[in-house]
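One chain comes next, on its own, written as structure tokens: the form predicted alone.
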Amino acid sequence: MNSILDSRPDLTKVINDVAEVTGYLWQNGWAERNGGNITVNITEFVDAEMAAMPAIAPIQPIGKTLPFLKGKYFYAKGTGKRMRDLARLPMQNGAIIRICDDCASYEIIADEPVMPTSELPSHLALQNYLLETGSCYKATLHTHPIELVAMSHNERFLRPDEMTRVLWSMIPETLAFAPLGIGIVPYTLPGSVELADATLEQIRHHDVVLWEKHGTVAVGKDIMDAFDQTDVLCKAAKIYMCARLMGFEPDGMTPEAVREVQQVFNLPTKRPC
């Protein structure tokens, strides 16, 4: 069977990177059963032949009107599909979709009629925001990092900036590689437009967004970048939990030490692109 990836090496690399990351998610225990979702803007790799491809499934509503997505193309993990399967067979467990001219619906063009993730409204709302702001970020990643989700079950870490403060203080690299910290969205029904709106508000100001008692959402220049943002914060959470398991509350870096890292490394206070 022919694939849309045939004779398209740049697009193939993007999809292979997605497959590699999904393997990491499974190995880390962040992707139980069909948990987690990915979308990547692949519009820059679309040639005339791809643009002329017809839909292979009925047009579907997004649930929101997203004007900056008109005519854009995305790779999206399929609903009900497992990350461990996507790692082996990315085009059988995800699909390439095209946003219709009404900016409120999409159609699947390849390889198979695999329906995208149920979290598509949240993902596409983020993608619309990235395009609206001229961002260089192309990938969105939703996954279930064990330690970060566990921390969201403690009311203390649902307070504004408290989780960021604790995670930054565990190890300097967390502050260096996640300088905008983590935003919190109170529990909201998965897949809902309300969740999409709340996530969008938080991602404007943070590297990663934590959905209470559910999982995280990250954006990145590519899927590896989005994974790294999540991985860095999860490493800090692991350090915190190890200390607690040893029977003490970790002191963490002092506020002065945190400010020193911010100043020496000239860390951004908003997204660099």
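We number the residues from 1 along the sequence you see. Please read all numbers here as calculations on a predicted model, not as lab measurements.
Although it is not shown, the form predicted in complex with ligand 13P is what the next lines describe.
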query	finding
Listed residue that, although ligand 13P is not shown, lies within 4.5 Å of it in the predicted bound form (heavy atoms), from Lys221, Lys64, Lys238, His214	His214
Contact label in the predicted bound form: Ser105 to ligand 13P, heavy atom within 4.5 Å	no
Contact label in the predicted bound form: Thr117 to ligand 13P, heavy atom within 4.5 Å	yes
Gly80 within 4.5 Å of ligand 13P in the predicted bound form, heavy atoms	yes
Contact flag, Gln229 vs ligand 13P in the predicted bound form, heavy atom cut 4.5 Å	no
Region of this chain that lies against ligand 13P in the predicted bound form, out of 33-41, 229-237, 53-61, 244-252 [heavy atom, 4.5 Å]	33-41
In the predicted bound form: members of 129-155 within 4.5 Å of ligand 13P, any heavy atom	His142, His144
